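Listed next as structure tokens is one chain, alone, in the form predicted alone.
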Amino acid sequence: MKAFVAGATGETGRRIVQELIARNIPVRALVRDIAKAREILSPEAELVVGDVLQPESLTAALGDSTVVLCATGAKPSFDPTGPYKIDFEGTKNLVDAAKAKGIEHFVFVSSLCVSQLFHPLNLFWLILLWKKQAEEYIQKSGLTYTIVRPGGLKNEDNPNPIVMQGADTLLDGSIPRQKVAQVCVESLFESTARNKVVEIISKPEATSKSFGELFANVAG
């Protein structure tokens, strides 16, 4: 297995890179700025220059990767096209490149509540709507996928157990980014994670379960 990580220098993406390296999985990290990325990412990660908005850069960037983890996301800005470009067009470009390469598994970090058009987050240029469109494109692509919808993202880790449910069943809650990264990486190893949408939060009162149990409890 060789993992390709898009959005590798983002807060969630860099943790995905950490988790992959901790599992001794070779990583190709897609970055736009090598110098900046070297300050953020482990020296064990292979850095490749490219941009999800430049589809011609992705084929070479994917190289000999066998799985893709996509943790890209538009940053809050005054550009109303940001979420459309990054969260939909960029993901679509990456899916097309992954299909052409015969990628074995595509893991996509989405968001809780993507199906709720009137959610407050859609005030940020319809970001949830475009994430949902990206999810649907992945699901129709023919690729083996796992779509991970985390609740509110926390930079600090905590010991709270993970709660995992099926699509459109968790409406609020939060989760540390480290746990999101763990779920993404574990999905590559769990056969019951394939072709599923999973929603995740963490709660102190939840029962601790193995990743195998978590994924198996979500209907496909």
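Since the structure is predicted, the reported quantities are computational estimates derived from the model, not experimental observations. Residue numbers run from 1 along the displayed sequence.
Same protein, other form: the form predicted in complex with a small molecule, not shown, and the subject of what follows.
Novice: Please pick, from A134, A98, I86, V107, the one residue with any non-hydrogen atom lying within 4.5 angstroms of the small molecule in the model of the complex.
Specialist: Exactly one listed residue reaches within 4.5 Å, namely I86.
Novice: Name the stretch: of 61-69, 187-195, 157-165, 27-35, exactly one has residues whose heavy atoms fall within 4.5 Å of the small molecule in the model of the complex.
Specialist: It is the stretch 27-35.
Novice: Using heavy atoms and a 4.5 Å limit, would one call T12 a contact residue for the small molecule in the model of the complex?
Specialist: Answer yes; at least one heavy atom of T12 falls within 4.5 Å of the small molecule in the model of the complex.
Novice: So, L53 and the small molecule: in the model of the complex, are they within 4.5 Å at any heavy atom pair?
Specialist: Yes, L53 sits close enough to the small molecule in the model of the complex that at least one of its heavy atoms falls within 4.5 Å.
Novice: Quick one: is T146 in contact with the small molecule in the model of the complex, heavy atoms, 4.5 Å cut-off?
Specialist: Outside the cut-off, so no.
Novice: Answer with yes or no whether K179 is in contact with the small molecule in the model of the complex, where contact means some heavy atom within 4.5 Å.
Specialist: Output for K179 is no: heavy atoms all beyond 4.5 Å of the small molecule.
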